[in-house]
Structure formats: structure tokens, C-alpha cells
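This document starts with one chain, in the form predicted alone, laid out as C-alpha cells.
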Amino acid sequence: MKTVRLTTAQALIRFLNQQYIHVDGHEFPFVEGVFTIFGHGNVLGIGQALEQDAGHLKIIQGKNEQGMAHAAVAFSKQRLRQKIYAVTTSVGPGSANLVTAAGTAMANNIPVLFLPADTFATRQPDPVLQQIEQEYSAAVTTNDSLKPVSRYWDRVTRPEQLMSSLIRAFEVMTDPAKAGPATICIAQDTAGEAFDFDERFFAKRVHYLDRKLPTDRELHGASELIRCSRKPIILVGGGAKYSQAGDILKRLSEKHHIPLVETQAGKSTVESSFSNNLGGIGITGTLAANKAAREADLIIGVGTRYTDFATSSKTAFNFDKARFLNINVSRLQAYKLDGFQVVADAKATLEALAPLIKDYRSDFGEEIRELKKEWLAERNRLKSIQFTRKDFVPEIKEQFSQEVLNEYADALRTELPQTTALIAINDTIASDSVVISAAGSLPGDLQRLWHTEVPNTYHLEYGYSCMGYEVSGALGIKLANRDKEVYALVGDGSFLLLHSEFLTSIQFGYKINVLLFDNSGFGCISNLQMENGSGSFYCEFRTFDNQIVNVDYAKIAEGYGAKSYRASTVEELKAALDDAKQQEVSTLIDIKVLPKTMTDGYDSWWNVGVAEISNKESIQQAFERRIQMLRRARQY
């Protein structure tokens, strides 16, 4: 056996350079690069190894551990889970900052490799700087907090442990059914310790992403369910996008008159202009999709997790007559809602089903076209809503008084509704641009109103709905699609929470565009309060003397070195967008919008924990509405 003497960290970097993935006849490196913030615990181990010989790995210096990890997650998601970045941090606070990003990756089934430093294997300097101490065990470190949010977790305290740990981690990350974050914590003294590694460990290793085929039993059962149904719908989830099943979905939908409805993760698998695409389903869905779902007697879930937003907290369907056919590479997800399970690749399954369905046609017929026409008329209305200081806007009549709306219009110096601004952006930017969002009211407006015409140009993180993902994620998307314009649509609340990698994008020349919707508050949660009987309580951004806060976000961006703009009218917004296209540096448009001018409703309901006891009649009424809706909801 030939050996090579390397430190543990040097062996790690050499191994990462030799990992390849094989997808549909194409083979390419799996690990694109490494995001890092060096500190004690990783700078003298992994840092030294990268400085000595990084191989083909690109190295990007982050500004916040959570932010750079979000960028890595977004990169992998945008590359359809076929490429990853590794993320290395220092011990203690550096690794603790990974927890939120790891949860985001875990909830969305996104592979990413986390490499947080750990305390000393020898325990000789303990407690080392930034180390926590627990009375019940000296083995506990900050990195234990990553266990619940990792698909695979390990701690390396000896150099030879690295080999089995890495092979296991890559097996998990390259399995579509288990894909998620892998965390390998390396003790900081171990990282610098040398060992005689078997040279074969560093040979080129190819991970095959073979499409799992459905069994004859699964195909027969699925085809029978479809042919026996009268009004089936196809629910397009994120798994359909990762499987690149767009073309076969359109063919089946068109031939058999089956409407398509989308989850947030599934949107842009099929373009919005496709005649049978009724748009988003559920709480943030369109009226067209939700009406079709209510009529459906068979829901064909393709790569979906059936989250509460997609199912309107299990009230979106008529459970007295509806059956479920679930196509998913994950057995866990295929069992949801007691459906018939096809545990296989989405694209391969649909292609195998096509000849078995034969000449079947649903009873939807012309109803699909009428539902879509009705929704497009509603979208056109939302496009042209205007605020006046005398008359309530219909969408906000029951939320704020006219006086409060006028106060916001004066403080923010705007009369621009959010829906009007959003559709104006959609009409102005290039159709192959990629948009990203994650939290607040924007995801609902985007799923309903945003038209996608190019596959994989809609990037919503809604598995975790993680505030702070938007700007960091835009950097990850730009790394994945360097020839496209990338737009982060973010509320002022999310921007304030985390935008560290905006500076990283400028530093390394990866242009992104931040479209910041400022309504001076946590508007989405204010809606949740008020729709359930409460007042507006600590969700608006107000000063100690009750004045509305007006932040000049454009000036913040200028300080970073970005090109910035201010917009409070459609004309100003379109002019800013046109100029931003010409820039080579990252841009930010500070868009002042009125609160309570987002979309809502459309035959959907969200189950939230309303107070059972309250001295407010409005809360008592909200609780009664919840009880009534729960009677409609499925319990399993």
C-alpha cells in the first residue's frame, strides 16, 4: 500500500478536489469551492491547506458565517443539487452561526458541506477560547447544536477518522432521497496532525446520480388511479424541478387536459405562459389553482412535501372525494396524506406513465382556460391599483385606518402599492433573470403574481422561510449563473436582519441586484396579528415618540460601494431597473411602498395558534373561525 503523509486538513482538501458527479451522461466536479471566515480553529488547519494547494477549489471570503452558508445553500439549490460549496468556520460563535443556515438546507433538502472547527481532541488547553463547558459531559461542544439540522453529522478527533467520515458525507449529499447538509467537525489540533494516508483514498471518485425507476406495480397502480379519476390535478413540487421534468409535465398536461398547480419550490419548472399552468396553490396561491384543487378528485403530487402553505393547512382539497398519488424519490414524502406511493424519480416516472394512460382526458376541459382567464384579469387589476388619500384601497380596508395609511404615505413619501411595484419589475427585467426571495409578504405576492418564462429562474426558499437568506442567496445564485442578472427581492425587515454578503458580492465582482421593499416594519407578521383580531403591536418600525422610521437604504448601499437608487413611483422604479442593467457593480433600489398593499386570501386558510381566551371580541371571533376551519381539515 502506497501512502502519502498529509495533515488531516490537507487530506480533506485533496479529497474534495477529487469528487465528481455523473448525471444523465455528464460528469463534472461536485465541489465548486469553499466559503470561509478564518478564525482560531480553522485558519491554521484548513486555512494552511488551502493556501498550500487549493486545487480547482474557488475560495470566497464571507462576512458572516450564516450569510456565506446561505450563499452556499442557494448555489446548490440553483444548480439543482448537482454542485456544492463547502463552508468552513472557526470554533464557537463561528460554528454556532451555521445553525440557521443548516436548518435552511435541511428543510429544503439541499446538499452542502459544513466544516466547523471544534475544540481540542487532547483536551489539554480546555477550556480553549470560545469553548462552552457543560457539567454533564466534557465531550459537548457548540457543534452539537448542529446535530438536529444536519442530515449527516460527525466529529473527527483522529486523522484516520476523516476517511470514513468523508465517504459517508458524500454518500448522503449525492443521494436525491436523503440530500441535505453534511457536517464534519474537525478538532483543531487534529486538523494540523499528520498521518500516512492511503493514496487510493485520493483517487478520482465518481458519484452517480442515477434516476430511480418505478416498479411495474407502482406504474400499474398510478395509471389506474389516473384513468379512474375525472378531475385530476398535477401538483408540481421542488422534486419535479430537480428532476428537470418540465417537458414531460407539459406533454401530459396538454394531452390529457390535466391542470398544473405549483408549490413555491416547483415554480418555474414549467413557464407561467403554459396554457394549463394555473400557478401557485395554497395559502400563497392563485384563485385559479385553489378552485381547481377544491374540485379535484385526484391530486398527483410530483416531488412535493405537502407543506401547510401548499395544502392551506390541509383544507385545500375535498378530502371526502380526493385521493392522492405521490411521486417522490423520498419514501417519507411519498407516504404523505395517505397517498399511493411511487418512490422513484419524477421525470422517469412520468415518462413511463405516459404510454399507460393512453387516450385518457379529464373532465376539466375548457374550465382550465376559464380559470386562468379569471386569474389573469385579477392580476391585471392588482397591477394598476392606485392609492388615494380619501378612499380605502380594497385590499387594506379592514387593516389600517385611512389616517394611518396617510401617515405612512407622508413619512415614507410614497403612494406606491407593493403589488403594482412587483408587477412593474416583472414587466421590466429580462425574462432569463433569476429572482430570489424567502420571507415576509413578498413570497406570497411572487407566487401569485410573478410570471416566469424561462425554467429555473424563480428561486424561493420557503421550506424554512428564512429571513436573511435573500441577499446572501443572491450571491450563491450569481456564482451558479454568472451570465444572468440576479435580483434579490427583500423586505426591509429581512434586509436589516442580514445582508452581509452584499459586500462580498462587491468585493469579488459578482454583481447582484437588491430590490428592497421598504414599508417600515415587519408587514407580513403585522398582517397575521390583525387578521386574527389583534392590533398592530410592535411590528411597525416606530420611534420612542411613535414616529414612523424612514431609513435611507440607498445611502447604506452607497457606503458599501454599490450603485444605488431611490424609487417611490412606477416611473422611478422602471428607470432605476433599466439603469441597473447597465451596471457592472452590485446595485440596490430602495423602493418605498405602502403597508397592507400585498395580496391575500384567494380561497385559502392558514392554521395558526389563536388565543383561546381573550378580552377582545375580535380575537374571540378569530378563534371561532379557526375551530370551524379545523372541522374541514384533514387530521393525518
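All residue numbers are counted from 1 along the displayed sequence. Keep in mind the model is a prediction, meaning the values are calculated, not measured.
What comes next is about the form predicted in complex with a small molecule, which is not displayed.
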Completion exercise
Among 375-383, 457-465, 113-121, 200-208, the stretch whose residues bring a heavy atom within 4.5 Å of the small molecule in the predicted bound form is 457-465
Practice task
Report whether the minimum heavy atom distance between Ile525 and the small molecule in the predicted bound form is within 4.5 Å.
Solution key: yes
Handout entry: Ala352: touches the small molecule in the predicted bound form, heavy atom cutoff 4.5 angstroms
Key = no
Problem - Partner contact for Phe38 in the predicted bound form: the small molecule, 4.5 angstroms, heavy atom - result: no
Problem - Residue contact check: Gly440 to the small molecule in the predicted bound form, 4.5 Å heavy atom - result: yes
